[in-house]
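So this one's two forms of a single chain, laid out as C-alpha cells and tagged structure 1 and structure 2.
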Structure 1
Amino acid sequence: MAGAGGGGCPAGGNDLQWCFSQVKGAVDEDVAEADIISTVEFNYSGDLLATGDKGGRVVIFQREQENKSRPHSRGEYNVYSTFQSHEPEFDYLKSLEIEEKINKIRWLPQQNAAHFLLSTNDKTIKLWKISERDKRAEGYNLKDEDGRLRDPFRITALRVPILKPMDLMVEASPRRIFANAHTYHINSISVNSDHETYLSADDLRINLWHLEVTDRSFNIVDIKPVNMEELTEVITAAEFHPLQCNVFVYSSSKGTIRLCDMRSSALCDRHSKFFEEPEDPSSRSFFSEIISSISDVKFSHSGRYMMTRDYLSVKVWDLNMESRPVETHQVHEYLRSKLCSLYENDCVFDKFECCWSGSDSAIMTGSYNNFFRMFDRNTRRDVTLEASRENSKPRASLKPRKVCTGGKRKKDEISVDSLDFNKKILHTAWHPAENVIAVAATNNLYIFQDKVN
C-alpha cells in the first residue's frame, strides 16, 4: 500500500500493508436507526473496544488470547458485554425529547480486576463498572438453594457457605450518574490525567466533575452571552491534555482552538493560548465559515501536538506555535466544488472525528462512500482506503482507492459524482500500541490490522 504510516510499532522503514481482520454487524440493506454506531473507543491497553449506538446501547468487544499454534495471527475481538446505557427521556419543562443516542464513551485507566467507562447522551453522563463473576456462594444458613428463606427456628446447625465455580458472567452496573448540569447538548467528555476528574462540554459551557461526586460540578468555561442574539460561536469539542492535569483545549464553530490553564483562574473564560489560521481572502465563499467549524480536537499521546478536523481537512498544531498549523492534510478537497449540494442535503454539517496512531506518526479520519484517510507524518504520504464487505476475506489486503475529479476516469478510480454520501465514516479508533484500527461504517464495525508476515 502506498504509505499509511506507522502506528504503535515501528514499520521497519517499509510502508504498512493494511488487511481486513473482522466485521461486526448485520448485513441488512435496511438499517435500523437504533443500530447506527455513534462512537468507538479502545481502552488504555487496547484489549477492550467499546462502541455506542443511537439506540443507547454499549457493546464491548474483548480481544481473544493469541493462538500459540499460529504465532503470527492476532487475537480477534469478540463480544464481551452488551448493555443498555441510556433510555429515551422527556424533559417536561422544555417539552423536549432527550435521545438515548450515546455521544461519547471514555475509558478510565484500569485500577483493579474491573473496568470502568464513562458514557454520555445529550444530557446525562454515567459511570459504568464492568466486572466478571465466575463463582457463586452455596450453603447459606438462612436461605434454601432455590433462594427461599428458611425458618430460623428449624436451623439446628451452622454451616459455612462455600464458593462454587460457575459459568463466566460479565456484569455491567451503573456506579455513578452525573445529571442535570447541562442546558445544551453534551458533545465531549474527557478524563483528566489525574484519573480523579473529568470534563464535559456542551455548546456553550464546559463543566469539571469529580468522579466520586455526582451532585455538583464546577463550571470552568462559559461563553453564553447575556443576549443570545449576540451569539457568534459555539463549543464543538473539548479535551484534557494527556500529561498536564491543569491544561485543556476546546474548539469552536469558527475554526479556532483555545488552550486554557486551570491554575490561572477558576473560570477559564480567558484562554492562555489561541490557535487560529489566518483565512486566505481569495478563497472566501458563502461556505467558508461552515466548513471551517472544527468537529474534533485530539492531543497527541506525547502531548506536544494537537490535531483538529474541519469539514475538508485535518490540521496538526504544535502547542508552542499558535499562528498556524505545522501540517495541513486535505481529506477530500474534491468536494469543494460540491459544497452547494452538500449544503442542501445537510452533509456539510457532518461531524467527522480523527485519531492518532500509538506512536503519533500517523493520523486517520473518515470520509464519504465508506472511505477513510490515513496520513503518514514522516513520509508525507497519504492513502484512501475503503471499509467494505466486498473485500472482507480474512487477511485480504486493502487496495488504495482514488477519486477522479474530472476528465477521463481510469480503471480503478471512482468518479466524484458517484460517491455515496449516505455511507460516511464519522467514528474511528486506533489501538494505543499496535497497528489495529476500528472503523464504524453505519451499523457495521470494521477492524483492520497491518499485514504481519
Structure 2
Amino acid sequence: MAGAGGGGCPAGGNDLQWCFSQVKGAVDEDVAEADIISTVEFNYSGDLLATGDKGGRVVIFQREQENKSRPHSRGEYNVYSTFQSHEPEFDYLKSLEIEEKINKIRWLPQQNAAHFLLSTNDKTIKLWKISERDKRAEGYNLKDEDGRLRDPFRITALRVPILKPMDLMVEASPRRIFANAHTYHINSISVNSDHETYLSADDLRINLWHLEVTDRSFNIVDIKPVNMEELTEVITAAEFHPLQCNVFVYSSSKGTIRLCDMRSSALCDRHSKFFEEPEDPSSRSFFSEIISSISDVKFSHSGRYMMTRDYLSVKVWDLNMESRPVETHQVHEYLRSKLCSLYENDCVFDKFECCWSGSDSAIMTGSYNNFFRMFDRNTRRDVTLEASRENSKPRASLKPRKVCTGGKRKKDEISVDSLDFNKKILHTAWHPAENVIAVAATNNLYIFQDKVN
C-alpha cells in the first residue's frame, strides 16, 4: 500500500496537495466517439480500476505492487484486461438502435480469486468474471508436441496431460446476461449489501435482481403513469444503502430523493422518506426545474449521509433530516448567468456524477473546461483543479484554478467566456482507502495522488 496509509484522507486544516500520477488514452486532438469514457469505478480494495466507454469496451487497470527500486513511484495503474462488454444492437420490434455505450460499471465484493463486475448499457446488464490463468496443460495422446498426428496403431501407452506454468493470462468471460427487463434506458445499477441481489433503474422503473437468476427480476418501483401524457418526472439515479440491505434511494428529475424500505412491502411505490429542499421563490426562472434535476446520488461509506448532484451544486443530506441538505456546495455558480446558452447547446442536460473520499471527509465532482471540484467537508475549503496534459509531468503538483466572474481578470484566472464547454468531466472515482482519484476527461483517464511529504 502507498505511504499515506489506509484511510489517510484530507485531514482537517492540512490542505491536500494533489499531484499528477498518470494519464491514459490517446493524445490526439481528434477524438473518436467510441473512445469517450462513460464510467469510472474502483473496486472494493482499490487495486483495480474499471472504465467503460461509448464503444462498449471495458478496460480494467491494476495497481502495480510497490517498487523498491523506485520508492517514490507509488503503485501505478496499468492495463490488466480489456474486453468488449456490449455490442451495438437493433431492437426489431421497436425499430430502435441500442447503443453499446457502457452506462455504469459496478464491482461485486470479491468472493474468490476471480473478480466480478456488472456492466450495463441502455438495456442489458452483464456480469463479467475476470480471472487469471498461469498454467497450461501439455501432452496429447494422438498428436506430437508439434501437432503432427500419430498413427493410432502405434499408441503404446496412455499419456495424462500435465500442467506447466505459463505467462499470466487474464481472461474476461461473461457469466450472466440480465436482459429484457427494461423498457426505458437504464441509468443506474447498484449491488446490495446482502451480496446476492442488485437493483437496476431506468427512467420509470426500478427492478430487483438476484445475481444468480437471469430469467426474472422483481419490479420494486414503478412511477409510470397510466397515461404517459401525465408524466411529470423521471427517475435519474438509484442506489442501495451500503450497510442496510433493505434501504435504497432514488432521485428524480424534480430534484427530490425518495428513500424506500423494502421490508415494509414487496412493491416500494410508497417511500419511507422524502428529501426535498424548499424552493426559493425569488430565484425561480424558466431553468429552475431543469437545473434542479438530480444527475447522481451516492451514499457515504458510513451510510449516514447521501450526496446529490444537480446542475450547479452538490448537496449532502443527513438521512435523518428530510427537510433540507446539511451542506450545499456550489460547483460552478458562475454559470447561472449563462444558462440560456447552455440550454441552447444542450449542456444544461449534462449528467455530472459525484463521489466521496474513502473517509467521507471530502467530495469530488466535475465541471467544464476539464475542471473538477473538491470540497473538504471539515475545513469547508474547496478547490478547482484541472485535468490537462500540459501539467502532466510525473509528480507535478496540480495548481488550483480560478474562474473570474467579474469584469477584471486577474493573472492566472480564466474568464467564464473562455471556458471550453466541450471538455467536461462527468465521471470521477475516488480510491476507497487512499487519496488516489481517477478523473475521466473525454477519452483520457487521469490519475492523481496526494503528495507524500
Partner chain sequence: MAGAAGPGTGPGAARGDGDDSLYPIAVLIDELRNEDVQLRLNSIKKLSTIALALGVERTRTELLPFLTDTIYDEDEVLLALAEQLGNFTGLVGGPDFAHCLLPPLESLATVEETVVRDKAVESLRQISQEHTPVALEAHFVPLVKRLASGDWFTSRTSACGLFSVCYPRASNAVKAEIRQHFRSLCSDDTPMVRRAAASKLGEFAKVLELDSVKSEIVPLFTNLASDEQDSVRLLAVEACVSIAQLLSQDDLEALVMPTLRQAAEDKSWRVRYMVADKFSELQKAVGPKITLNDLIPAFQNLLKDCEAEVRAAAAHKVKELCENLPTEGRETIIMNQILPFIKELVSDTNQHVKSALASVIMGLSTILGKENTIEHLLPLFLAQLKDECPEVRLNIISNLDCVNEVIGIRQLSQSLLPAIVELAEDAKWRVRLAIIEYMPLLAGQLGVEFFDEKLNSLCMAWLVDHVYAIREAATSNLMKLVQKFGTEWAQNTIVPKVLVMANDPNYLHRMTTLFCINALSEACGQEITTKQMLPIVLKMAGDQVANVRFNVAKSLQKIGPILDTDALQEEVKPVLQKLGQDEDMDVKYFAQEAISVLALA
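Since the model is a prediction, treat every value here as computed from it, not as a measurement. If you superpose the two forms and keep the largest set of C-alpha atoms that fall within 1.5 Å, you have the rigid core. Structure 1 provides the reference sequence; residues are numbered from 1 along it.
- Both panels show the same chain in isolation, but it is structure 2 that comes from the form predicted in complex with its partner chain.
- Once you line up the core between the two structures, the Cα of residue 225 stays within less than 2 Å of where it was.
- Relative to the superposed rigid core, residue 324 undergoes a CA displacement smaller than 2 Å between the two structures.
- Core-aligned CA deviation for residue 380 between the two structures: less than 2 Å.
- Core-superposed comparison between the two structures: residue 148 shows a Cα shift of 8.0 Å.
- Look at residue 139: with the core superposed, its C-alpha moves 2.4 Å between the two structures.
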